[in-house]
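Here you'll find one protein chain in two forms, each presented separately as structure tokens under the names structure 1 and structure 2.
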Structure 1
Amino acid sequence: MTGLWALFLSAAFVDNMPLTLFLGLCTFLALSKRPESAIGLGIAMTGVLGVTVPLNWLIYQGVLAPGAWTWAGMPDLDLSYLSLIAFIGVIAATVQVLEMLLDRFFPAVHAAFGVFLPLLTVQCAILAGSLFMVDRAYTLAESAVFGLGSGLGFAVAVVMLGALRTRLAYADLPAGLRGLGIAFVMTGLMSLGFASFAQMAVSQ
């Protein structure tokens, strides 16, 4: 349990998708203008990563990995080259289901996402979660914890940036820094802050 908790904290803060690995910055910056949309994005990322990473683990280990077809008398069959297509298909299906659920039960949140919700299908941070899972040879439990931790880390980061941008909207900023300019500056400063978590982990 201690190892899973450490993995969860590492996925959320040490390997933070937008601020440490710089993945998913497109939606991270686009949907952090208001706290409402930032919270919605954070919840969606947590849900999609929490579902797709362990689901893709099952597909990879049961169908795609080398030796997965040993039970059928084909121990040399290796379908791992189809991983990318399979992972994207699972992610697309999950996002589609999420979009239908939001449209049915949370229309205000669905409207806040606009065109960005379907773009989660090709969100690099979501795909990276499954690719990291394969590369690091996680177990099913580790994959689930890693997916949830990565999503929560993304949610924390985007909500923090959304709150900062809302506050800075009333600040007297130089013309060149208004809007996206100050968002990049704040993202850089937040990234420096999250880098300290990596240093703390190394020192342990």
Structure 2
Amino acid sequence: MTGLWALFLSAAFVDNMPLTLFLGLCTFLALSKRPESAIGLGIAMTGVLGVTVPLNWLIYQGVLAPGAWTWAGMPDLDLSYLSLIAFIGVIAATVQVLEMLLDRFFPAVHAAFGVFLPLLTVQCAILAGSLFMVDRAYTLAESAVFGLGSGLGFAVAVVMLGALRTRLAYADLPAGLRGLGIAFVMTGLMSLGFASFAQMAVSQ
């Protein structure tokens, strides 16, 4: 149990997706101009990562992994080179299903997400979640915890950056640094702050 909890914390803070692994930065920077949209993006990320990582685990272990077809008399069959296409397909389908379910049962939530949901199909952080899951050989429970943890870490970071950017109204920036430039510098400072979590993991 403590193992899962440690994995959750390390996925959320030590290996924070945008700040230490540079994943999902495009949406991270583009949708953090206001805290409201940042919260929507954070919730959507947590939901999609929490669903797709365990789902892709089932597909990888059941169909693609080396030796997955032993029961059918083909122990040497290794389809793992197809995992990229399979994962992308699963992610696109999950996002689509999630969008339809929300639209049908929770129209208010669906309206709040707006354009973010379809965008998540091409979010590198989500694909990376599944690729890390294969790379680090997680179990099913671990992959679910890992997906939720990284989603939560992304949400925390994006909401913090969104809140910081609204405070920039009171800063008199040089013209060239406004917008993208200062967003990078602030992300860098946040990343320095998150680097201290790495020490926490070591001392544990």
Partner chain sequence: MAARFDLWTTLTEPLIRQNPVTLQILGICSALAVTTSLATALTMSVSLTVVLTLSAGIISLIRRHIPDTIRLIVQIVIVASLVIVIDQVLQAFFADISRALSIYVSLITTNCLVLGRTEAYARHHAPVPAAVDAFGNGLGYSLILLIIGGLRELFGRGQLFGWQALPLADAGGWFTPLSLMLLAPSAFFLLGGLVWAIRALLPEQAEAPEHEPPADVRPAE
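Residue indices: 1-based, along structure 1. Computed from a predicted model, the values in this text were never measured in an experiment. So that the term is clear: the rigid core is the largest set of C-alpha atoms that superpose within 1.5 Å between two forms.
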| message | Of the two forms I pasted, which one is the form predicted alone: 1 or 2? | response | 1
| query | Would you say Ala169 moves between the two structures, meaning its CA shifts by 2 Å or more once the core is fitted? | reply | yes
